[in-house]
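We begin with a single chain expressed as structure tokens, specifically the form predicted on its own.
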């Protein structure tokens, strides 16, 4: 029996974040944040600018070291492991600003992700890259140079590269930023398909309606503290969320 299967049978969470803290000198950016992510679950993270959202995601993904706390994934403590090791374990993060290899083709970008992030042999990496581009609708652009893609195309490529790594949990950092309403809808549909394939998701986003239509649970942060955690509607209608995100003068009805 594999560790993953054993953990699943015991009902353990896929990902467990416990007491994560990050300080820069006297400034505390994230303070004692804890939550669990179940296999296949989608969690949204909301909060005003400077709330600590991206820092939290970077600590989970391993690109920022925590001052305190632990990150456990599939029963394994990843707290001291590198971002690369976490990626190969199936905990994969996208960049807030897409950062493809701009002079390489779409296909080459996906292949590099599958080979290095997914630690696959050449043939297996080619199969994984093909599948990732097919799922994101970029297969017909596989010969295009990544730097020539539109913003939406680069967002799709960012997802393609993440999928090519073989994620069990996907960490999305404001991936809808800068897109039109129509493109946001396309992105929501794509993320729904990814979730339907069994990939768990943690999604940081300022576009509230994107999260409301995509996740089953919201976590709200303010000044690095977790101030709410629960069903999406309950969180955005909570007093703590309204004070942090909009101020007392904004009525709950305006959030719909």
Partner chain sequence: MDIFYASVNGVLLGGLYALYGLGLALTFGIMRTINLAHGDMIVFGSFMSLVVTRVLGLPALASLVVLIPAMFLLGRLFQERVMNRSLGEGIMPSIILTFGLSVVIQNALLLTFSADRQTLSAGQLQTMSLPLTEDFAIGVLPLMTLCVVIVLLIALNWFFRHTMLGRAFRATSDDPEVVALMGIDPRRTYGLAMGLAFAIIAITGVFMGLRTNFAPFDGPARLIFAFEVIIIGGMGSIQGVLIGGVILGVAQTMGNLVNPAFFQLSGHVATLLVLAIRPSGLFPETIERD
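Being a predicted model, the structure only gives us computed values, none of them experimental. Residue numbers count along the first chain shown, from 1.
Omitted here: the form predicted in complex with its partner chain. The next part is about that form.
Only one of 157-165, 182-190, 128-136, 70-78 lies within 4.5 Å of its partner chain in the model of the complex by heavy atoms, and it is 157-165. Contact between residue 117 and its partner chain in the model of the complex is found at the 4.5 Å heavy atom cutoff.
None of the heavy atoms of residue 144 is located within 4.5 Å of its partner chain in the model of the complex. For residue 169, no non-hydrogen atom is located within 4.5 Å of its partner chain in the model of the complex, even though that partner is not displayed. The closest heavy atom approach of residue 216 to its partner chain in the model of the complex falls outside 4.5 Å. Residues are counted as partner-facing when one of their heavy atoms sits within 4.5 Å of its partner chain in the model of the complex; in 63-94 these are 63, 83, 84, 87, 88, 92, 93, in sequence order.
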